[in-house]
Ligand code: SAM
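Only one chain is included here, represented as structure tokens and corresponding to the form predicted on its own.
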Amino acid sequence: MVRKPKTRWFDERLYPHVRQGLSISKILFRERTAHQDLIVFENPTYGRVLALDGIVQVTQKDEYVYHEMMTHVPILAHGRARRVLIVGGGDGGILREVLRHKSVTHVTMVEIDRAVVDMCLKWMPSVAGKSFADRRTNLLIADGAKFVAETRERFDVIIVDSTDPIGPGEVLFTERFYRDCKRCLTAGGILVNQNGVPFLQPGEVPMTRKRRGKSFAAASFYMAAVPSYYGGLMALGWATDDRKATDVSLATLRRRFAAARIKTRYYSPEIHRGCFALPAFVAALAAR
């Protein structure tokens, strides 16, 4: 009798009482950097998976959901974005989507860990594509919090693609960081950030709303369903002084989307309009 090889599992333990298990077909890369533990492995459902410090960050098969919603919602809501700042996002997915907007003339990306960029370019090249070679890209390997505190540059949109508020990513959820981001934005500029899964991380929504609300006239959330982020709908943080930015008409969004000539797999003007309608329990958390 031939015994089948024992299945290896990646056990994500982001939450204290719930675990997500992904079978590992093959480990492609693993390294402990000065900042975090990196692993890339193959999974039959998600394809190649990147995890940092034991937490899934991006997968080959569903990355487009997160990257499209983090990018096209603020850029198309703004309508005139030319300069964009990305904090984090070493896999290059946000950068790829930003650069699809030909109206964007400059993108500064600040990533703290060069190993994430290099590893993703080698093992998950489809995520970034050729975005790092685009002439509009300015990649800085630096501390994002320090950058926004010191730079004299100004941006129309800031996208914070960070890990959860633990370890290296914790500083990117502070009141001071949000205040520094506000200083870096042009009038009417928009800040967005990943804000966790409210059903399993209910404390993050009221915490970040209060902290962002001290610097911005409008601090709220929009939602996206990312399959590999276990626990249901994901909250994406939203902050701006333009109170009308969450209520751009469907006709205007359709016109802007058509002018951009971008093909998407998740984002649409209709999804854009609907994503700001929060489930009642999330709205209740945001009101705390």
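A residue's number is simply how far along the shown sequence it sits, counting from 1. None of these values were measured; they are calculated from a predicted model.
Although not depicted, the form predicted in complex with ligand SAM is the subject of the following passage.
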Handout entry: Location of ligand SAM contact in the predicted bound form, chosen stretch of 149-157, 130-138, 202-210, 85-93 [non-hydrogen atom, 4.5 Å]
Key = 85-93
Exercise for the section: Classify Glu97 as contacting or not contacting ligand SAM in the predicted bound form by the rule of any non-hydrogen atom within 4.5 angstroms, answering yes or no. Expected result: no
Exercise for the section: Mark Gly144 yes when one of its heavy atoms lies within 4.5 Å of a heavy atom of ligand SAM in the predicted bound form, and no otherwise. Expected result: yes
Handout entry: Touches ligand SAM in the predicted bound form: Ala218 (any heavy atom, 4.5 Å)
Key = no
Problem - Distance check, Thr240 to ligand SAM in the predicted bound form, heavy atom within 4.5 Å - result: no
Fill in the blank from the handout: The listed residue (Met234, Leu253, Val40, Ile262) that reaches within 4.5 Å of ligand SAM in the predicted bound form by any heavy atom is Met234
Handout entry: Partner-contacting position among Val192, Leu172, Ala77, Cys181 - heavy atom within 4.5 Å of ligand SAM in the predicted bound form
Key = Leu172
Problem - Non-hydrogen atom within 4.5 Å of ligand SAM in the predicted bound form for each of Val110, Asp113 and Thr163 - result: yes
Fill in the blank from the handout: Checked 51-67 against ligand SAM in the predicted bound form; residues with a heavy atom within 4.5 Å, sequence order, are Leu52, Gln57, Tyr66
